[in-house]
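Next up: just one chain, as structure tokens, the form predicted alone.
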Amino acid sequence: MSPAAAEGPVVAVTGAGQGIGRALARAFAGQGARVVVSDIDTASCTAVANELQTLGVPADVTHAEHCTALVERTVAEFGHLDVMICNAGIMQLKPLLELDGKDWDRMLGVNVKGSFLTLQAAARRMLSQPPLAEGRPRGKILMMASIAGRSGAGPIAAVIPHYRASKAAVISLTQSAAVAFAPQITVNAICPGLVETDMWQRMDRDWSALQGVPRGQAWQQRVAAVPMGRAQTPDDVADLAMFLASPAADYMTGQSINIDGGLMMS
């Protein structure tokens, strides 16, 4: 690792084995941050950590002890934790009347409880450490929400009610944590739209099947509604995350920011 990288901020990313999380880890590492990669999938966690030549910590965010261990190993390796990105999450398409309690518990367990436990473990550490620099907060926490947690969401809303509820809860949790930890820690949420990842490919497969249309058609219909004229890339999300983690965003907290090519405007 170069001297510049050795002096960079310490950033931990959950769900970093694929998709948006992997893009986040790569983007921060590319800007000289010391990145800790975490994922429930040990193989993908190790692969991304090896690629970035950094620490990988497999963790199931639904267990408090795993979240605490992630923070402790980060601090043991790098001395402190500057930015925690609570990105780990799951998705499922299923009509409302076909959902059962297990579907609901699993979705909110990972997306809401997992985000809460990760945030809590990170905040406990950040509150005990000195500010990032004079006049700056002691740390930053970024939550991964979604425009699905907002109003509307179009026809897909009927088959992702538990996912939408989970992301609405993440937005609410972001606001509560921002109040609880200000001014020592900033807490903001990112709300992506149609991000072209393996997760969305699986969603397209399932949604196309529910609609009885050829695979790929549901995705194309959604992308056609994006004012910017294309699907979102994980790098689009990473660019916003790097801004929120930077000194330029030190006065922002409690915000949930749409980055969706104009699908939702406010």
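In case it trips you up, residue 1 is the first one in the sequence shown, and so on. The shown structure was predicted, so the numbers you read here are calculated from the model rather than taken from an experiment.
As for the form predicted in complex with a small molecule, it is not shown, yet the points below apply to it.
I'd like to know whether K167 contacts the small molecule in the model of the complex, with contact meaning heavy atoms within 4.5 angstroms.
Yes, K167 lies within 4.5 Å of the small molecule in the model of the complex.
Heavy atom of Q255 within 4.5 Å of the small molecule in the model of the complex
Although the small molecule is absent here, Q255 would stay clear of it in the model of the complex, with no heavy atoms inside 4.5 Å.
Mark P137 yes when one of its heavy atoms lies within 4.5 Å of a heavy atom of the small molecule in the model of the complex, and no otherwise.
Flag for P137 set to no.
Using the partner position in the model of the complex, report whether P9 sits within 4.5 Å of the small molecule, counting heavy atoms only.
Result no; P9 lies far from the small molecule in the model of the complex.
Though the small molecule is not shown, can you say which of A69, M199, L240, V223 has a heavy atom within 4.5 Å of it in the model of the complex?
Only one option qualifies, and that one is M199.
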